[in-house]
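The data below hold one chain only, encoded as structure tokens and taken in the form predicted on its own.
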């Protein structure tokens, strides 16, 4: 076995066995780690692979969460069926955002602003839809917390942990396949130089649109998980700018455009945030925004000292070549 395969097996074994030594609180932290690793990887497809910056990616989390959640609450549609509608809604909206932006030549920071605008518009819209709870929130009925019901996504927190772990492994393998595919190399060409890619005959518009729609659909799956794990949805929470920033931090810190980057970034940032919260509570004070401040300082440190992210630095120390990592020249 290659060093890459051994590393993957050890990491997966550690995650699979971690709940055996974890109490309820630590298990909840592990769920959050896996969640941000998953949605970070989904965002990484759009930005890391295709070079399209989205700062309003929580739009697709919210759409997925509200679509599946509303179908479950009002029509009794189980999560296993509602997720198809959730993904379809996110893909359609992602396609609309991408088509609008790319057709009119919007790119770079201006495209990022467009994604923020769509997320904010949707947040305001959902605050004024009574059937979805408006600003008061949409609450899912809490089911049996001891059993295992994957159809309705009702069950023990351990079930949710292994589900999000499976989702994270699945999207990792999907991205590993994508970066070695023709589409992956097309995204690489577009990311590095759109004009040169177009001159070579690549349909740049279609390539970028595929990235946005795939990223949106996968992110919506994370939104479905979010809705049924937390059982409550608020527009400010589901579509808020803070959530978008949390999504993109893990891949940026871990290594943008890499496969391990989002996982490593989530492993660094989530325990850091929880540790800061516990430390401030132990000291007897609550400073609003202290977690966000520490996230910002971490990001500044990464940009200053490890501009490519933590994983490329570790990969170099381990003597792994990019090709061994499944990332080619990314």
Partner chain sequence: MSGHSSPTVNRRGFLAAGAAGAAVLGFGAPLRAAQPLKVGLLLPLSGGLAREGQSCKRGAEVTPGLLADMGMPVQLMIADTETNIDTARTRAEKLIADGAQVLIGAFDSAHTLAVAQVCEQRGVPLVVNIAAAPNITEQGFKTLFRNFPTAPKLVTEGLALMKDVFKVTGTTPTKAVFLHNNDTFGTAMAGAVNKLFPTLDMPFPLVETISYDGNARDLAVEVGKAKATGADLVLLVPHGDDCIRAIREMVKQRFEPKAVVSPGSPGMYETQFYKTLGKYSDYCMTNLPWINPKSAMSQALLKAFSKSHPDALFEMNIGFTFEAILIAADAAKRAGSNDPKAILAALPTTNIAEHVMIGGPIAFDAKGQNTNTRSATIQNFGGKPLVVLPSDVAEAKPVFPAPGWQQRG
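Since we're looking at a predicted model, the values are computed, not measured. Between two forms, the rigid core is the largest collection of C-alphas that superpose within 1.5 Å. Residue numbers count along the first chain shown, from 1.
This protein has a second form, the form predicted together with its partner chain, left out of what is shown; the following refers to that one.
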Between the options 122, 186, 237, 244, which residue brings a heavy atom to within 4.5 Å of its partner chain in the model of the complex?
-> 237
Scan 180, 152, 107, 156 and let me know which has any heavy atom within 4.5 Å of its partner chain in the model of the complex.
-> 156
Is every one of 36, 135 and 278 within 4.5 Å of its partner chain in the model of the complex, counting heavy atoms?
-> yes
Residue stretch of 213 to 221, 97 to 105, 156 to 164, 84 to 92 approaching its partner chain in the model of the complex, non-hydrogen atom distance within 4.5 Å | 156 to 164
Using heavy atoms and a 4.5 Å limit, would one call residue 140 a contact residue for its partner chain in the model of the complex?
-> yes
Within a 4.5 Å heavy atom cut-off, is residue 226 in contact with its partner chain in the model of the complex?
-> yes
Taking heavy atoms only, is residue 32 within 4.5 angstroms of its partner chain in the model of the complex?
-> yes
In the model of the complex, does residue 127 have a heavy atom within 4.5 Å of its partner chain?
-> yes
Rigid core superposed: residue 29 CA moves 2 Å or more between the shown form and the other one | no
Taking the rigid core as reference, does the Cα of residue 53 move 2 Å or more between the shown form and the other one?
-> no
